[in-house]
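Presented as structure tokens, the chain that follows is alone, the form predicted alone.
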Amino acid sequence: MTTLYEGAFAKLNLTLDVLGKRDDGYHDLKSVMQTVSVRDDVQIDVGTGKPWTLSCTLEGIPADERNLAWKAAKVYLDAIGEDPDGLAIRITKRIPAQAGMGGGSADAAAVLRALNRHYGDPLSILALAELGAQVGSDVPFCTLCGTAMVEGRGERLRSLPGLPDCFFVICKPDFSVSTPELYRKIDEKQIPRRPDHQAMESAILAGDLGKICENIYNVFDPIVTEEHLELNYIKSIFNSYGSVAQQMTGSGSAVFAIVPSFEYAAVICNMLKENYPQVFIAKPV
């Protein structure tokens, strides 16, 4: 039996636009995504000689073939034609669930990377990301990691330079958002403002954190904030204590701030901790 270890990094959407509904029922998106240092840890025992198992430190997470990590293992092993003779996957969760931070996708991506390494890297990282599209929309990006322009249903990726040095403070409020319901609402609305992806890409290429912060925008943010005004409260705390940009990630409900120093991040974290147990300080990775 061999034991594999892999980090599963959370993602944030620096920009997110919904371009329309596709014939397959999914939506075309355009987003600049960023992986951050908030992470789950994935451990895989290969060759257990027993039926597959999956366990997770967070209650309520599916521990069978419904779990994206399990699906990723099956998709990968089918693709390379290998039989592992039993798998045991263990996930130590730190990325909050239903937060818009891609926790399940990150776990699936970690499984793909770990198994690929175990079998001698038969697939390139881009081929691995392409395989991840069969598992979930965020899995390709979570497989690649870093900073990237993501398009289509999440399967079209283009790497961008890493962000300038900065810190993120991420706060997950108690409520969660139904992603299908949110897409239904956005289909019924005129989107009054959209992110300027060209300006964001130029800012990233220039390494200009100020311009990056100016161009952060998520079309879902105002829709969720309208119904959950406490997001405005969290953002006001961010803003009052040194944040240079703040926004919801994905379809929510986590919101993040970009701050220039750890000192600012620590102050914001302390201000929020009393009301919000799930507050994290992170770096881009």
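Each residue number is its position in the shown sequence, starting from 1. This one's a predicted model, so the numbers in the text were calculated from it and none came from an experiment.
Omitted here: the form predicted in complex with adenosine-5'-triphosphate (ATP). The next part is about that form.
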Item to check | Contact segment among 204-212, 101-109, 122-130, 189-197, judged by heavy atoms lying within 4.5 Å of adenosine-5'-triphosphate (ATP) in the predicted complex | outcome: 101-109
Item to check | The unique member of Leu231, Val32, Leu68, Val259 whose heavy atoms fall within 4.5 Å of adenosine-5'-triphosphate (ATP) in the predicted complex | outcome: Leu68
Item to check | Interface residue in the predicted complex among Ile61, Ile237, Val244, Val219, criterion: non-hydrogen atom within 4.5 angstroms of adenosine-5'-triphosphate (ATP) | outcome: Ile61
Next on the checklist: Counting heavy atoms only and using a 4.5 Å cut-off, do Lys11, Pro96 and Asp138 all touch adenosine-5'-triphosphate (ATP) in the predicted complex?
Outcome noted: yes
Checklist entry - Would Cys171 show up as a contact with adenosine-5'-triphosphate (ATP) in the predicted complex if we use heavy atoms at 4.5 Å? => result no
Checklist entry - Just to confirm, Ile91 within 4.5 Å of adenosine-5'-triphosphate (ATP) in the predicted complex by heavy atoms? => result yes
